[in-house]
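In the block that follows, a single chain appears as structure tokens, in the form predicted alone.
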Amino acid sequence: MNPATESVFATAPAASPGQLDAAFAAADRAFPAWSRDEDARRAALRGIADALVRAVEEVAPVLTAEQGKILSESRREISGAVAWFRYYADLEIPRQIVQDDDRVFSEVVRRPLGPAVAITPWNAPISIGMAKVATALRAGDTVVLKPSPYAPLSTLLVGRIASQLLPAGVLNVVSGSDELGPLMTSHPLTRKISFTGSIATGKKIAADASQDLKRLTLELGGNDAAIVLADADPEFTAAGLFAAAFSNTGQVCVAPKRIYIAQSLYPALVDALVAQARAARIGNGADPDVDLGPLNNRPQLDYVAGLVAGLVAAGGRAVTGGSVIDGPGYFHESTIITGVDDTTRIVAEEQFGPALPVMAYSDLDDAIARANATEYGLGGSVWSADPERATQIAARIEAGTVWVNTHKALAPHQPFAGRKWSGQGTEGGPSGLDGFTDAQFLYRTR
């Protein structure tokens, strides 16, 4: 982030505990009428989608200014939010008929829960935040949404746009420090929590939710592994991996963060990745000629720089990049790393920045075991000229989503869930909607 934008951040309001209580009270009052009118919910979601299409050029510069991503990525993020609203507006919620005979008719229906809390991160505040909002609103829940204090303004703007198309109290957006989060997750009116963020915070939220058994969806950290087979095309694979790993300057939870390459392909693929990194133009995200913007905040820049600085002691090296860029802003060079192993911090931890470790393997079973030897299980990918063989290998990766010959392909209709410590519950698709409802069994005799 350019320091010039930091004064803008200071204009974001910080909600007081009393204002937070008022937001929950509004959501609770709005819930009964909102939950009963499915046609109104569908129409509202379509209206919000149309309004966001019209507002792209208003919202995108705000998102770029506060988050740092390039304008084209900001526009795509808003378009992604539009897709979520349209998908859930059109999604049917089927009734599951259990028994239908001359004695009994019984079925399972989905019922909304009540006020839902959505807490979102700074890396993709609009796409992640509005995915939660669209799902909750379609289910019939009302929402209290809190963006990260590092990127609140674009969410406040989108919230204002959306709220003009909703009854009062249905969508409430509050901003403030991280200390506001526990007040939301433990609030007595909260019936559902949807959180995207760190594992440590997710565990605290799960503990809060357990006190009165609030429904919970957690999308937590990722340390995605990509396994590249010997028959993969190095240029195609390098282009795909670099685009996925360095989009939003590496600040994507489901980006590939460690690459395992067959020994025979390793030199060629490393060279191709280095060429991609050197060609990427770094600068102000508002500049249309830039490919990668800054990191979002100083702590994240310092964390990534510290991981890279620790490479020498671990026997690794940056074959390109490796340094913080001098001057204003939180910029770091695009960095490709070799000479490390699975115990090196930048491999074992989620770096969340523009630094990608690449390692060779000689035995495929060993590479799969190494990919799975982590508490993370968000995503992964396998790259090969033989998609069927790659798919068989993908099935052995312990992650919620595994792609073949691509990475980070996401859409509203697809279920997205983490395994192990990468989360619980599902976002996207019908199962994502189920997470914002309870099942009710209705039984009647003829």
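Numbering starts at 1 and follows the sequence shown. Nothing here was measured: the structure is a model prediction, and the numbers come from that model.
The form predicted together with a small molecule is left out here; the points below concern that form.
Here the chain stands alone, but in the predicted bound form its contact with the small molecule, taken as any heavy atom within 4.5 Å, falls in 218-226 among 341-349, 323-331, 218-226, 82-90.
This chain is drawn without the small molecule; in the predicted bound form, the residue among L378, I397, I70, A44 with a heavy atom within 4.5 Å of it is L378. For the candidate set A245, I128, V143, A162, a heavy atom within 4.5 Å of the small molecule in the predicted bound form is found for exactly one residue, namely I128. W122 belongs to the set of residues with a heavy atom inside 4.5 Å of the small molecule in the predicted bound form. K204 belongs to the set of residues with a heavy atom inside 4.5 Å of the small molecule in the predicted bound form. The small molecule is not drawn, but in the predicted bound form it has no heavy atom within 4.5 Å of G114. The shortest heavy atom separation between C253 and the small molecule in the predicted bound form is within 4.5 Å. Within 4.5 Å of the small molecule in the predicted bound form, a heavy atom is found for none of S210, P415 and F436.
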